[in-house]
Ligand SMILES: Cc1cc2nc3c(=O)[nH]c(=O)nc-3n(C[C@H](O)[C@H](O)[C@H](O)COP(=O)(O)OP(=O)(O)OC[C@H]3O[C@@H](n4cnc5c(N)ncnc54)[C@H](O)[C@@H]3O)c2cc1C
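This document opens with one chain alone, in structure tokens, the form predicted on its own.
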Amino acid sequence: MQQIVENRSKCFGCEACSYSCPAGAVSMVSDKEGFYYPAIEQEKCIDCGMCQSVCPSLNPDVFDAEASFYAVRVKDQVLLQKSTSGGAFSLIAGEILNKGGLICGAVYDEDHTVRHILADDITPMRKSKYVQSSLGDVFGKIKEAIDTGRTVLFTGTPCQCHAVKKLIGDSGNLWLASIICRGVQSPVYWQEYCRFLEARHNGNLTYYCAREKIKTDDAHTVLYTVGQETYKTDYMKDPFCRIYSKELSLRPSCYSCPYTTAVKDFDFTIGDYWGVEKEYPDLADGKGTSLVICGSERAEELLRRCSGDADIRSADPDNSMQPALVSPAKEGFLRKFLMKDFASKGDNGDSDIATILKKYGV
């Protein structure tokens, strides 16, 4: 086998192929843009085809499920404050935890790496990350938990949800919650940005949040702590976030994403409710409202059980179809120049992130 996905720009980097290989022939290696792709050791490959059978890109889902749309906001004001939008993830996860289940979500590691973990504490899983997370050995942990009778809620990008579904199969104990995703940035790019912040402020980065809810602005404040000082700025004034919002730093497959539809074969799709002011002006107060799309009957039932803890209202799909539910991100002509600059490493092995932020984040 020469390669898994012939067109590299279609690879999601979900790591399902690497985990599934019985011969250990597939590893994930970063390219010059900092995105990870499968590399095959041909001498180890036994041509079993397992890697291709679990690949979401090669085995597209058929989105034929019906979907129901809801505007959701938790009643607990402390929990709402800790959430990026309306707290729907915490609400749904809480229901799974109350039944003895586990949650799999993305967190920042000690060195700021974004990775998925399986745990019963969802605190570090809250807040948007905007960086491609590593699934690593979490596939095996999910399978082990399900095999022992535990319920698991997996939350991640649509392609990651699809990968988990392909690997684990249709299990009544597996719940899938896809975030409304506009694309992911490379882990290496993110790590170099973290080092840039530390050099800029002469200290260790101990906290970072791209969507902090310290003002009634629907969590559009960037907040980070280096050393003993905390810094904050508006989301669109932060060059790193502006580059992301301009869709210049996304994984190549994000520009042809097949999951940009409201109807997905997952239990939930969760994100910000864009357009809530058109339908529910009283919720357009800057405190955040979640859009929850239920793609299964059991998801509807679970959400109904949460009605005592949240304000849950039917939502009009026409008012809530944000771009990520309609079409993929657009690859602007500046992306190739940004990535060319990023690939040009200095003597220390890092890119000139300061120049990149200044040049493309204006």
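Keep in mind it's a predicted model, so treat the numbers as computed, not measured. Numbers for residues come from their place in the sequence shown, where the first is 1.
Not pictured, yet referred to below: the form predicted in complex with the ligand.
Stretch 126-134 is the contacting one of 166-174, 186-194, 126-134, 226-234, since its residues have non-hydrogen atoms within 4.5 Å of the ligand in the model of the complex. Proximity of Y208 to the ligand in the model of the complex: non-hydrogen atoms within 4.5 Å are absent; the residue sits far from the partner. Interface residue remark: T151 is not counted as part of the site for the ligand in the model of the complex, having no heavy atom within 4.5 Å. By the criterion of a heavy atom within 4.5 Å, S53 is excluded from the residues contacting the ligand in the model of the complex. The closest heavy atom approach of I243 to the ligand in the model of the complex falls outside 4.5 Å. For the marked spot (N59, F266 and G295), a heavy atom within 4.5 Å of the ligand in the model of the complex is absent from each of the three residues. I270 is the sole member of I270, L97, L118, L248 with a non-hydrogen atom lying within 4.5 angstroms of the ligand in the model of the complex.
For the stretch 323-341, the set of residues having any non-hydrogen atom within 4.5 angstroms of the ligand in the model of the complex comprises only A324.
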